[in-house]
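Below, in structure tokens: the form predicted on its own, a single chain.
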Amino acid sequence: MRSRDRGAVALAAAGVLARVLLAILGWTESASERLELASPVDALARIREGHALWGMGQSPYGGSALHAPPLYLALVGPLVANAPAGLVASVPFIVADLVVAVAIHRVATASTRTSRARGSDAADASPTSPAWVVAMFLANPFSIASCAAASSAGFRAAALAVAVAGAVEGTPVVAGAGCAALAYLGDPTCAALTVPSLARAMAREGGFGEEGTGKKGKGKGRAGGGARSAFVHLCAWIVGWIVALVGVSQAVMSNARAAPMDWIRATYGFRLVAEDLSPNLGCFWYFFTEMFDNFRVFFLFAFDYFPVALCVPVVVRLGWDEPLFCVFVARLLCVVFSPYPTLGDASGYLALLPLFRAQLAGAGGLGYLVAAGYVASALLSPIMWRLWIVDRVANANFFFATTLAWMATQSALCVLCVERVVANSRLAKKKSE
């Protein structure tokens, strides 16, 4: 182990230990009640109600309580059925974070190896050590708090990290499994937006098809052939995994007499139409509470398709040279425009951010301002909530201002990252001419 990585290992171990201690000390119940950490999709009270109905042979999706997919209910429900939830209930969420750590370590290692093999400028930019990439995720307060709250955000982060790891290693079955799991866990838009970039990464980083990292003299046409082959294989595996997940889910729900459309509508339709308008870190709840009903459909369409409209130009401009960065942007945009975001969702895309240290060179002071925005928004949210709900000395606008600041901070991060990557890409091309 290199000396510079010892601090990273200690930091990562401290992050894992913090998760275990919070679970042992019984913080799961109180953390799961925080709207910054849990949402109507994965709140423990809803999971417990769904599990109780399922145990009685009734459909857990018959009412409006449960909005988690069947396999998530089957995994987590028995562990959190009895309150208070202890260490055993937190095990799947700790394991999910460890899966993220292993996956991004493999991604960082593969990216560093690829950069050195090509002898490009990226190799001279001192990319972040894989150990520090892992440490920054495991020690992220957002990911620790999300794990303590038993939030499903950790599973979505694990699905995305596994998809990226499978792509950079040229393994379509693993990348397809990660994409399918991400879609199954409630984010099909993000899964669809990442497919082209993952296919390109499979060809460029993983050497899938005709384009390999160690092969020289490949023209762009043959490289495109490798990307097309990777895209076809990836889509085939995604479809196969989704069919398998749906089949197993229906088998699990068979004793509860739940039709496929019951849990599909409750899980995915619920997010699409934003039925629950309880306050959260997103902007949906305030907009659609104040909005006239005859404008609801239009704004639902606008909010749901904003990630697509904003992500496609980034993929067109940077997808060929920076496919992993495009995956990061797609996930960030989907979280920004999610109807039920949490701090754990932010930690999912922030886990990928250290991978682009070389591409983001020059961010400087603006990066510190964005980081300060994340800290300020996360700290102000519980304060404004208490002033509004508990002390009753404020109104909904105070808390909504915090959600706007949270959305603006994430948007600023996206704009800053895209601007830096485009600028450094142009500079690299000028140097190579």
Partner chain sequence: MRPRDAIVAGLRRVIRHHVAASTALYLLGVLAAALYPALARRTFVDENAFLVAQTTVGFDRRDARDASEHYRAAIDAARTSPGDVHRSDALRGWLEDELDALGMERYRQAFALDRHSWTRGDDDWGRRSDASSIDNATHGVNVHAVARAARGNGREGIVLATPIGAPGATLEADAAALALGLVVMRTIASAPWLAKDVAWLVADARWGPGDHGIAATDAWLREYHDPGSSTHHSAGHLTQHRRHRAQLSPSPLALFGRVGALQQAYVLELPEGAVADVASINVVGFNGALPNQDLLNVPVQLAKLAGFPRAGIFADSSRFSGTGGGDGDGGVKGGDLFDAVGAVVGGAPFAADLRRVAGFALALARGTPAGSHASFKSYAVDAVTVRMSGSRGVPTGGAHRRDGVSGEDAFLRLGTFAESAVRCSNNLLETLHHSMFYYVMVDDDRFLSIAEYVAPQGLMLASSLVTAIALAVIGTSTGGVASVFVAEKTRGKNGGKNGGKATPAATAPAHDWSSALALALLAHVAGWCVLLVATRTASTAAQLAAAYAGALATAAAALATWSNNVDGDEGSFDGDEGDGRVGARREPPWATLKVVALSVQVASLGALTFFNFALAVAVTAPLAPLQLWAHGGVGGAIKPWLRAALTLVAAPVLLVATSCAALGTDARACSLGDAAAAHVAWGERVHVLPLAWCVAWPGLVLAACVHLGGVRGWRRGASTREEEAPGGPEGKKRR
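Residue numbers count along the first chain shown, from 1. Just so it is clear, the structure is predicted and the values come from calculations on it, not from any experiment.
Omitted from view is the form predicted together with the partner chain, to which the following refers.
Only one listed stretch (142-150, 359-367, 174-182, 255-263) carries heavy atoms within 4.5 Å of the partner chain in the predicted complex, and that stretch is 359-367. The single contact residue among L380, L35, A405, A65, judged by any heavy atom lying within 4.5 Å of the partner chain in the predicted complex, is L380. Among A52, L387, A45, A401, the residue placing a heavy atom within 4.5 Å of the partner chain in the predicted complex is L387. Residue contact with the partner chain in the predicted complex: V393 places a heavy atom within 4.5 Å of it. Of the heavy atoms in R426, some are within 4.5 Å of the partner chain in the predicted complex.
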